[in-house]
Structure formats: structure tokens, C-alpha cells
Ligand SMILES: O=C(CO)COP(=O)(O)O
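Take a look at this one chain, the form predicted on its own, written out in C-alpha cells.
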């Protein structure tokens, strides 16, 4: 599975702790992340992560494009709902794309844990079905 990991500044520590706790699951998948988050995941959690730009510099849009291309299967986005984000339209667009393309999206640690446990138990077969049905329209 291709998993995108994103965290607002005040939630980065939470995502790092989450990644450390579930490293045994995450390390079996292809991971990508926005700028600083990706760097911290590599350094602090020991995970191999493809890094995109920082969210405000276009990283959320880069991941959104991958969602639209069916190249992301799961998004763990630890959002800070109490702090205004200058790139809020990009965040909204990313979340909309996840909904449009049927990509599971967790915006907090509790939801992320449910999704990661589902991933561990092989409950994401529907993503392959979605990819196959999308592929037939590409020909």
C-alpha cells in the first residue's frame, strides 16, 4: 500500500509517536510525506519516506495529485483543528480528493489507529478493486 503521512506543526510529535508505535506495520509499505514531517519520520522513527514539499509550499497539493492518480491508498493526516492554516484551501482540496477517489483518510490519532489495524488485518482489498475499475477507463 502507498501511505501518505501529513501532520500540522502542533501534531507532528503525535504522528512521530504513532509511527514509532506502528513501525512494524508502516515499514512494510511505501510511505510518502510532506516536507518536515517526512524528515522527522526518517530521522526519529527510522522509516524510509519519500518527501514532498512542505504543506504550505505545495506538498498537500502534490499528495492530492497522487491521490487523483490512484497512487495513494491511505492518508494519515494529523490535523490541528484549533490553529488557522494559511494553506487551508489546499488542505480542503486534499481531503475532497480523498473522498472523490475513495481513499481512506484519518485526521486524528484515534481514526489512524483504526485504519492501521485494518491495514494490519488485510482489510483494504477494496483499494485494489477501485484501482482495477479505474484502470479500465484509462485504456
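These numbers come from a predicted model, not from an experiment. Numbering follows the first chain given and starts at 1.
Keep in mind the form predicted together with the ligand is missing from the figure; the text below concerns it.
Only one of 97-105, 67-75, 83-91, 24-32 lies within 4.5 Å of the ligand in the predicted bound form by heavy atoms, and it is 83-91. None of 20, 14, 120, 9 but one reaches within 4.5 angstroms of the ligand in the predicted bound form through a heavy atom, and that residue is 9. Heavy atoms of residue 36 reach within 4.5 Å of the ligand in the predicted bound form, making it an interface residue. The closest non-hydrogen atom of residue 42 lies beyond 4.5 Å of the ligand in the predicted bound form.
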